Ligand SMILES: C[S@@+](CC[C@H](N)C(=O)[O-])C[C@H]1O[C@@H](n2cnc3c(N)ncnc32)[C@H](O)[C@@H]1O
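First, one chain by itself in structure tokens, the form predicted alone.
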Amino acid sequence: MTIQETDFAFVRDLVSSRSGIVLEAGKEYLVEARLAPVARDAGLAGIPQLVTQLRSQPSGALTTRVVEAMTTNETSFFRDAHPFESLRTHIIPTLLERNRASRAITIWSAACSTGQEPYTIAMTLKEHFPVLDGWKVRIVCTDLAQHVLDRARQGRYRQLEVNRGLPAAYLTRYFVRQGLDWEVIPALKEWTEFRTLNLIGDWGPMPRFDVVFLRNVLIYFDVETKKKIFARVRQQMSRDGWLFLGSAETTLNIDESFRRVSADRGHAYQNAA
């Protein structure tokens, strides 16, 4: 059944106001595919009945489930590779020198999904910089969707998930077998902390970050929302801190307070404000 135009418009406006995600015309199929299971789990006959209930209870738990269902949680270990190579070859060596007095490094994995990105960061640091075992390392992991954060916090992955991008040697060093699954070792988990965070909402208290991974999420926002998020991210970054975006994302012509810098085979953006 094709979603009605008025129902699509309601869902589009609801998701935009709660998450900043823009659902353009032509995305009706995506709304149908993702909300049909939500309606079924709620005991409703279909999306029209779901929308009717959302209209009557716009601030309820069902609204949260709908917004979370419309977020994209595609991820994998060592996704796109170059940011993690940049950490290894340039950024962490620089921070070891720059932060030697505080002996602390703080990294933000925003939109961390089910956790593959922050655990990849942790493995990169653990593998190449044993000196950091004597430092305070914080990897703050945030996402809008609670259900993916729960999985990330658990750090438990199916065989298919560890097969995507994770070197075999890392699997044996940093994971333990749990039945049919693999679970991240405690030495990696102790560097991570997970919290729910809506990029267009109240962030609450946040530390100052040396490195921010904000990858493959801003592509779903309009330009004005991107400007606001970049400005807030800058406020949370250390001077000359590094920002990594997805390959299809940029600060250029959006926030000129960031400067684009070469980082291994890719690029990053430094806070120059």
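In this text, residue numbers run from 1 along the sequence as written. It should be emphasised that the depicted structure is a prediction, and the values quoted were computed from it without experimental measurement.
The discussion below concerns the form predicted in complex with the named molecule, not included here.
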Quiz prompt | Every residue of 6, 35 and 51 near the named molecule in the model of the complex, heavy atom within 4.5 Å | solution = no
Quiz item: Just to confirm, residue 79 within 4.5 Å of the named molecule in the model of the complex by heavy atoms?
Solution: yes
Quiz item: Is there a heavy atom of residue 75 no more than 4.5 Å from a heavy atom of the named molecule in the model of the complex?
Solution: yes
Quiz item: How about residue 162: is it within 4.5 Å of the named molecule in the model of the complex, going by heavy atoms?
Solution: no
Exercise. Examine residue 148 and determine whether its closest non-hydrogen atom to the named molecule in the model of the complex is within 4.5 angstroms.
Key: yes
Quiz item: Of 71, 124, 154, 99, which one comes within 4.5 Å of the named molecule in the model of the complex, counting heavy atoms only?
Solution: 71
Exercise. Have a look at 141, 199, 105, 91 for me and say which one sits with a heavy atom within 4.5 Å of the named molecule in the model of the complex.
Key: 199
Self-check item: Stretch in contact, per heavy atom within 4.5 angstroms of the named molecule in the model of the complex, of 154-162, 170-178, 112-120, 131-139
Solution: 112-120
Quiz item: Even though the chain is shown alone, can you say which residues of 212-233 have a heavy atom within 4.5 Å of the named molecule in the model of the complex?
Solution: 215, 216, 217, 220, 221
